[in-house]
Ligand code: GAL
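Quick setup: one chain, the form predicted on its own, written in structure tokens, and binding and motion questions come after.
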């Protein structure tokens, strides 16, 4: 009997070696093509539950095929795995000067080589250590590839920090006593990861550019979300204990003062009890919820509801869902095991019956991220037998998936907020937020979101001065969600009279830019291109390596700074706009322009090409620049987003001297009918005629397709 067991072990080992190829320091990963430019490897025995299963999304293979095939981007002989003590150890090669980006929603750093991280869903605590709202186990290399580990576990990452003795590029030992080149951090030529499970799926994404890598990753995760048009308007979250009458009065104040408003967020006080939640209206503050939601809709304003997922003993679903919950409570509420379809259905039925059926348009899903002392501990048990760790890593995904499906059943798009997400969440119409509130770090997070398939808003809550208030408002209006969160202090856009005029101007500019931003989100959905993204993803930016630079004098070679220093305070907003925020106390700043001519958004004047410039801006403006040939479609400033079928006029601005082309997207702005082909792309082109005069044209809307464009005017910004 023992000899038979030993023989089976040997046969099993031979099969493993045949599949993976044995190396002295591990097994080679074997990559299998699963989509154009996407490969998959299986290490050990992957767990049944993972991030992609939690999200339940399907790859957009049609869109991936349009990106085309690409060669496998790393050496198949240099990526290894080991299964040791029930853990999966992974190793991927790095070359000198290679830089890494991603590993989730970081707030202080953009470049990740040299970091040690534990990717763990949590409140962000002020340090980029892997504990964050979206610790996506995906990284992008500036060499044109990306690696994704599909595991709902706390993954430890050594991103070019550890040095193996058998490394082909092991550093030479140096004597600290006498050698000035001694370093406490010797050169490392690999990314190494520890997955605390006996197996995992690993995906490899090709470029050739970093932006192509990100596109493939997003498309493999279902494509980016396409919000409703109203989701890109302005939103105000009111004080926690506001009544229905107070909400109505606040909406009237917006209208009276001429400030745009598309949806209002109700904070915890709309529920009869919260922390934990009943998921029922408080009848003393909202005696007629259906009538309230209807009245707001008649005013052109939708309602978004705060909640967290922890079920109060006073909730009508408590007894039903209790057997389907975990062993530990959060704030006295039970934690539904949302990996169980029965638990999902019970919670979904309550939300549908009590809120969505009344016309509520979305949710803000709070407190599904951390801290450890608040959420369930890792010793908690759940009836599905999925671990507490796996639930922690995926709970935000599960909540997004469940609520989004409810709006799909109504054929009505939503756009909401969430505190936790992960890989697989690209297609969910949710924006991440938190309580950290550092303006500068919020912009770094906005930049980093583009590497990980999530959206982030630098929301505005409060400020100490009018200057800080307008600077925060400017950046939030150039982000995925333009939001004031006044749940605590009741702040209004006009709370600082000295900058009220400037705040109104930037809010109205946000509304004017809606055709542009809506088209950019459509590209996020159909092509995988993040609507707000890092400069590192922009063609012509920082393409030179250190070794290619002749000198590091910024006056002669501005890319020296671009290569050697992280760029954390400027970003691309869509195809053509470069945004360079100013922060409190700043009157001027440096901006690094990628190669190619760039123009001032407000004046159309030429500002530079592939160089470091210094810009000044008064309190009324945020510096914004437009790429040569840039076409920016704007609509007139208005209080609400256009309704389905409502015509709106278009002003098409053109910048520069090169021929320009832009794809303008249109659909009904509300339903999922675009998934059935009910949408249109209209091509805008601008070019000089035979006499050198600039002329523009826009293609005719296809017959039977959406066409909400009214009168068109052209504005040539660069004379």
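In this text the structure is predicted, and so the values were computed from the model without any measurement. Residue numbers count along the first chain shown, from 1.
Missing here is the form predicted in complex with this ligand; even so, the following discussion is about that form.
Enquirer: Quick check on this chain: which one of 642, 610, 196, 268 has a heavy atom within 4.5 Å of this ligand in the predicted bound form?
Expert: Looking at the other structure, the residue within range turns out to be 268.
Enquirer: Scan 138, 576, 442, 306 and let me know which has any heavy atom within 4.5 Å of this ligand in the predicted bound form.
Expert: By the 4.5 Å criterion, the partner-contacting residue is 306.
Enquirer: Residue-level contact is defined here as any heavy atom of the residue lying within 4.5 Å of this ligand in the predicted bound form; does residue 471 satisfy this criterion?
Expert: No - in the predicted bound form, heavy atoms of residue 471 and this ligand never come within 4.5 Å of each other.
Enquirer: Indicate whether residue 485 is a 4.5 Å heavy atom neighbour of this ligand in the predicted bound form.
Expert: Flag for residue 485 set to yes.
Enquirer: My question is simply whether residue 433 lines the interface with this ligand in the predicted bound form - judged by any non-hydrogen atom within 4.5 Å.
Expert: Judged by the heavy-atom cut-off of 4.5 Å, residue 433 is in contact with this ligand in the predicted bound form.
Enquirer: Within 4.5 Å, heavy atoms only: does residue 131 come near this ligand in the predicted bound form?
Expert: The answer is no: residue 131 has no heavy atom within 4.5 Å of this ligand.
Enquirer: For the chain shown here without its partner, which stretch in 587-595, 208-216, 365-373, 85-93 has non-hydrogen atoms within 4.5 angstroms of this ligand in the predicted bound form?
Expert: Within 4.5 Å of the partner lies stretch 365-373.
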